[in-house]
Structure formats: structure tokens, C-alpha cells
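Below sits a lone chain in C-alpha cells, taken as the form predicted alone.
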């Protein structure tokens, strides 16, 4: 990765960390998912409003490193307004990116792509995927 692109990605990550999007929680019957990463102490409280198979709203709270909190911010932005199937596809693509695999780059990943460099740091992959795993767990429970 070029150093200019690396610096841009770093700025995007820090912007989401310092100015998180969709921070807070949704009341009134929202799906609530709490997850943590015991190896580093990251924890997330995710709330999702799912209606008619579509994620109408997504908010998170929690604490953790810049990677986990920025990823949660990006994830909530990315899944809002998407169908559950689209959100799960996005999560699958994100997981492939985190594992350094080829992924479907036809999807518009927007800011999420700035996390692609995390794949070079195996210890940080769990940080980046925590919010995504919480979303997957929440929508899977909703389906049942």
C-alpha cells in the first residue's frame, strides 16, 4: 500500500474513532447484542432496528481500541437501510478482506476499505470484526 493511501486510511479510521457515527442505543424493541473481545478488552453494545427484513437503524456503544470503535462506526453506517441479506453479504466481504483474501470489490465499501491494512496484523483482526460479528449474531437471532 502506498504511504499516501496508508495515511489517508489512517485519517479515515481516526475520524471514525474520534467522531463515531451512530453512537448511542435504540430503545423500543430493538435487537440488543453485547459482545466482547477478551484478549484485548474491546466490548460493544449494538442495537439494531430491523423491520420487514431491513435494517432501519443501527447504533453502538462500547469501549475499545481505535480499530474496533472505528469499525463499529463504519459498520453501522454501512448496514443502515440495507436488507438483512445485503448486510450479511457485506459482513462476509469484510471478513474476506480482514483475512487478506480476494473479496468482491464491486460492492461499495466506502470508508470500510480503510480497514483493509488490518489484515497485516493478525492480532488486530478480532478488533476490526467485533462489531460485524455482533451484527451477524443479532440478525441471525432475528431470523429465528
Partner chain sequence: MLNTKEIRSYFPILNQEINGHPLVYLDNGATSQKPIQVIEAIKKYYEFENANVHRGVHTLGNRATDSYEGAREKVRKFINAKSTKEVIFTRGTTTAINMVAQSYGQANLKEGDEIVITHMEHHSNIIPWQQLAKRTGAVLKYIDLEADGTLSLEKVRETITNQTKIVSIVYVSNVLGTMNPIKEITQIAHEHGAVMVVDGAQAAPHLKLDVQALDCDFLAFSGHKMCGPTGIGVLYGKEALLDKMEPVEFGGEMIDFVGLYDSTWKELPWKFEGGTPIIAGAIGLGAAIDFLEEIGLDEIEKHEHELAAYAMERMSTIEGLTIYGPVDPAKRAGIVTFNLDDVHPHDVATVLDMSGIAVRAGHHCAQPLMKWLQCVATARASFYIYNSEEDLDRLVTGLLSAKEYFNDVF
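Positions refer to the first chain, counted from 1. The term rigid core refers to the most C-alpha atoms you can superpose between the two forms while keeping them within 1.5 Å. Note that the coordinates shown come from a computational prediction; the quantities given were computed from them, not determined experimentally.
Omitted from view is the form predicted in complex with the partner chain, to which the following refers.
Residues placing heavy atoms within 4.5 Å of the partner chain in the predicted bound form fall in a single listed stretch, namely 40 to 48, out of 24 to 32, 40 to 48, 91 to 99, 75 to 83. For a residue to qualify, one of its non-hydrogen atoms must sit within 4.5 Å of the partner chain in the predicted bound form; all three of 10, 64 and 124 qualify. Contact check for residue 141: every heavy atom lies farther than 4.5 Å from the partner chain in the predicted bound form. Of the residues in 81 to 109, none comes within 4.5 Å of the partner chain in the predicted bound form through any heavy atom. Taking 2 Å as the criterion, residue 9 counts as shifted between the shown form and the other one: its C-alpha moves by at least this amount when the rigid core is aligned. Legend note: Cα of residue 9 to Cα of residue 67 is at least 3 Å closer in the predicted bound form than in the depicted form.
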